[in-house]
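Only one chain comes next, encoded as structure tokens, the form predicted on its own.
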């Protein structure tokens, strides 16, 4: 016998867990995850930061729609803010200062600061190789573990089910119901939510749908120690080179350094690209006084983008009851609440919630229809 539900969500990363938790307020929800534990891939490897100005106009709208929740979540969700002050300094290397002008023109709450002030905030900078610096004071760290735990607890409190080691083997629709087969069990529901991250096009194929053209891209990160003479980096702001050749961030007394690589790959259990790490550390060393003599740990994650780098949230017009919640790219945590609220609103009420509409977004700019001729 199949297990019956109102909605089956495929994928138990931040996206899947968040939309499941919100939909479960009014529907019977089952979450299926192919791995042995939730949040195994992108969510569990995220260097998550809230940067309102990160992403295109659609992404920024969802960022803004998520801000209130992140700053002051409902008490039933989490007992304190999910954000902690961090700040972000953008660097322009010598001769590359004009690249900052576009960011200043398109963004809010970013100001230019002197090289001296940048060094006062981030003492390892080599100001002699820099031309200009910007500061975005409102950037904050996100407590990803707390956020994910909150969604999981909320889902369970609403009687939602989470099934791990439940890779989808086939999807078929008959009599207005989707039948979702896994190696162990089968499930039936009128609505299936495709929140499978890098695997969303593969899930669509199992449902007999042509892919929408999502591209998983690898991001590599290395952890390096900070020499004692530099003091603790815990209060340092996040730092990013404007040309995206590297960024770095403090983490538990060490530094996370990334080459900000975006290498198209097939969906897989990602690992760091050693060549990309080496190149990123080279650029990092050029801009700072730290000579990297040891790398303690490296890892990789996947950031999956749609063709226009905006989220895809909506029912597929080619069939009934197949809902896309995909293409979060590198913005999935900070935009997660806005995206999940959008998905839940469209699934349950065929409308975006007021918190999202107030940012100027519409269901049309999120819909999968835009990729279909």
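Positions refer to the first chain, counted from 1. Everything numeric in this text was worked out from a predicted model, so none of it was measured.
Just so you know, the form predicted in complex with a small molecule exists too; it's not on screen, but the next bit is about it.
- None of 32, 62, 343, 29 but one reaches within 4.5 angstroms of the small molecule in the model of the complex through a heavy atom, and that residue is 32.
- Note on contacts: among 86, 132, 303, 283, the single residue with a heavy atom within 4.5 Å of the small molecule in the model of the complex is 303.
- Among residues of the shown chain, residue 259 is not one whose heavy atoms approach the small molecule to within 4.5 Å in the model of the complex.
- In the model of the complex, the small molecule lies within 4.5 Å of some heavy atom of residue 332.
- Not displayed here, the small molecule is approached by residue 196 to within 4.5 Å at the level of heavy atoms in the model of the complex.
- Using a 4.5 angstroms limit between non-hydrogen atoms, residue 185 is distant from the small molecule in the model of the complex.
- Just one listed stretch, out of 90 to 98, 110 to 118, 165 to 173, 288 to 296, contacts the small molecule in the model of the complex at the 4.5 Å heavy atom level, and that stretch is 165 to 173.
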